[in-house]
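Consider the single chain below, provided in structure tokens and representing the form predicted on its own.
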Amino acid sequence: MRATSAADIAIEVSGLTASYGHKVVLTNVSFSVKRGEVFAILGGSGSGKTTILRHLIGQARPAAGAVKVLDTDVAAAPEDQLRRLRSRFGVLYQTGALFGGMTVGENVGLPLRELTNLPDAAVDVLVRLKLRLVGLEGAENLYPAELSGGMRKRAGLARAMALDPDLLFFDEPSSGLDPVLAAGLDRLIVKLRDAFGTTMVLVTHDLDSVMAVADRVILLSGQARGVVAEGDPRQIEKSAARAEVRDFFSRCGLRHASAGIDSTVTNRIPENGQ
């Protein structure tokens, strides 16, 4: 097997300590994300998942340690360099974070109009292409209030993909979706990864989604203030030695049993995910 080189790494976090004022949230966290993989950051409420995301996208600076994203040292980069870095990644927020007073097409086209010099006609073509990719062809003139929850997520994903990013971040992508819609979004994530080779980072506590899409994960513990497990989630579930890790992953089976969902559900998802 070929050894992983620096060129294979999209994200490198080394010895990250994160704090809010005097409260330390994370201590000495280290992990890397390979180019082209789906990587999930897991943990319960208050474990520091969102804190890591804020550091990865440059909204927070580490108290100690280093965060390197697409060969840029986020902690040391000046603001103009951070702006260039942000143009190379997209973020899908929990609610989709669409602007309610703008149409779906205007929302998706916003990064293109703000960060490129493309003529309006070219922007319109790209908007239609991005919406088609996420199963929302013809929705450009609708407003967010006219969309279902699953459609808003897909519209937010289309906007996150507007600039053909090297890296996509998902903040609790299945939040607010029923199991069928969540499974449809999982299928879309895999489809996009396979089609474009985009590196994806999911911040989530949804174990069903993780098992469906993630190549590797880290599990955070609020008590330990750091990483307590790392690797293939299916292997961690089978062989975890630490009781805290076993307890977290055992919830996946409980969810499946209570929801009555089997592995064939993704084959019954409509293409538009509504």
Partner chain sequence: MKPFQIQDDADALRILFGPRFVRTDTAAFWDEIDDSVRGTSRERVELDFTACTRYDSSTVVLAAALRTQCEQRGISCELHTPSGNFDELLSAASAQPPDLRTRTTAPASDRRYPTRIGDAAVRLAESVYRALVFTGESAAALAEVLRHPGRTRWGETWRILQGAGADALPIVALICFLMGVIMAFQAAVQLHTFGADIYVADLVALSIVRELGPLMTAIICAGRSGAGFAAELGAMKVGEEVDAMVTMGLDVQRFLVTPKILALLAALPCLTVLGNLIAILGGMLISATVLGLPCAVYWNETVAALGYSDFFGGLAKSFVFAALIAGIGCYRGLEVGTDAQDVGRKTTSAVVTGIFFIILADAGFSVLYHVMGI
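Positions refer to the first chain, counted from 1. Here the structure is a predicted model, which means the values were calculated and not measured.
FYI, the form predicted in complex with its partner chain isn't displayed, but the following is about it.
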*Verify the contact flag for residue 126: yes if a non-hydrogen atom of it lies within 4.5 Å of a non-hydrogen atom of its partner chain in the predicted complex, no if not.*
yes
_At 4.5 Å between heavy atoms, is residue 119 in contact with its partner chain in the predicted complex?_
yes
*Is the gap between residue 113 and its partner chain in the predicted complex 4.5 Å or less for some heavy atom pair?*
no
*asked:* Even though the partner isn't displayed, in the predicted complex is residue 167 close enough to its partner chain, meaning a heavy atom within 4.5 Å?
replied: no
*asked:* Looking at 70 to 78, 199 to 207, 126 to 134, 174 to 182, which stretch has residues with any non-hydrogen atom within 4.5 Å of its partner chain in the predicted complex?
replied: 126 to 134
*Given that its partner chain is left out here, which of 97, 142, 190, 82 has a heavy atom within 4.5 Å of it in the predicted complex?*
142
